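Given next, in structure tokens, is a single chain: the form predicted alone.
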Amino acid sequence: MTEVSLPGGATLEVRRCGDTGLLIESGDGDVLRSLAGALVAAAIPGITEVVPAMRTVLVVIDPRRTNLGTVRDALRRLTLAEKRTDQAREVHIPVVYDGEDLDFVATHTGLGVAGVIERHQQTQWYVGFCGFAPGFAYLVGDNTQLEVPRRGESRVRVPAGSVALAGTFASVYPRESPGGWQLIGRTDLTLWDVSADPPALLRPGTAVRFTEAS
């Protein structure tokens, strides 16, 4: 494990991940998301993939074009953006708030149905990372009042477009799949389209606002 200090004072823990990867860790999720964006923007020769997660960023290289030591040195020269979101890509998601778990969320949070809807729309969400299924974005916000547990038992089928909460995250199911998040509504917006480039509407750093569907 190697510690790497970035301009501005942030410190990262960098570990080898096999022969062609570096796993970068930090307790500050905002730093990692800014780092992932900076790595993509820098277009460092030989880096083939940058995969952000909750507390890590995986960097994969092509060993024919670079080596892990060179990439590790490049990390030290990166300047992180102050903004954690790509405000130019703010996506508005219209929601019909009629989810099966809306009443539970209203009771659990003590906000009532109207309060849950209001805070869900007022919160500035952004995509922290993606996972679970293609196009499934974990949305991070600064409103702790919407924190709820996962369901005790997952549903076998959650319809595409279901708007959900779990833990401190919000998300929208991009296609039908099993799932254990609390469903509060639904949207007709397409989040995953294999014919599009890129196929995922929501990507790490994208800002998201939920609105009331007309």
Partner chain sequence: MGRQTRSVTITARGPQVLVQDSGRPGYAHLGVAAAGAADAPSYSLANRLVGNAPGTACLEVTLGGLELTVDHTTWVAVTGAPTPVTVGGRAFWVNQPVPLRAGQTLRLGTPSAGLRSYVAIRGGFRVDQVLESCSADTMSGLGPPPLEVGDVLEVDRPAGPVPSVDSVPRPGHGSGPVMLDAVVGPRADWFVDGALKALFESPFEVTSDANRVGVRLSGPPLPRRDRRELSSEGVVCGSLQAPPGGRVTLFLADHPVTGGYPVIAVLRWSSIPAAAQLRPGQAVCFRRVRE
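Positions refer to the first chain, counted from 1. This is a predicted model, so every value here is computed, not measured. Heads up, when I say rigid core I mean the largest set of C-alphas that superpose within 1.5 Å between the two forms.
From this point on, the text means the form predicted together with the partner chain, which you will not see here.
**Student:** Using a 4.5 Å heavy atom cut-off, state whether residue 190 contacts the partner chain in the model of the complex.
**Tutor:** No, residue 190 is distant from the partner.
**Student:** Just to confirm, residue 45 within 4.5 Å of the partner chain in the model of the complex by heavy atoms?
**Tutor:** Contact check for residue 45: no, nothing within 4.5 Å of the partner chain in the model of the complex.
**Student:** Taking the partner chain as it sits in the model of the complex, is residue 153 near enough to touch it, meaning that at least one heavy atom pair lies within 4.5 angstroms?
**Tutor:** Outside the cut-off, so no.
**Student:** Might residue 141 be said to contact the partner chain in the model of the complex, defining contact as any heavy atom within 4.5 Å?
**Tutor:** Outside the cut-off, so no.
**Student:** Candidate spot 102, 106 and 147, all three in 4.5 Å heavy atom range of the partner chain in the model of the complex?
**Tutor:** Negative, none of the three is within 4.5 Å.
**Student:** Can you pick out, from 38, 160, 60, 166, the residue that has a heavy atom within 4.5 Å of the partner chain in the model of the complex?
**Tutor:** Spelling it out, the residue with a heavy atom inside the cut-off is 60.
**Student:** Just give me the residues of 15-29, first to last, that have a heavy atom within 4.5 Å of the partner chain in the model of the complex.
**Tutor:** Residues within 4.5 Å: 15, 16, 17, 18, 19, 20, 21, 23, 25.
**Student:** Determine, after fitting the two forms on their core, whether residue 61 shows a C-alpha shift of 2 Å or more between the shown form and the other one.
**Tutor:** Yes, residue 61 moves 2 Å or more.
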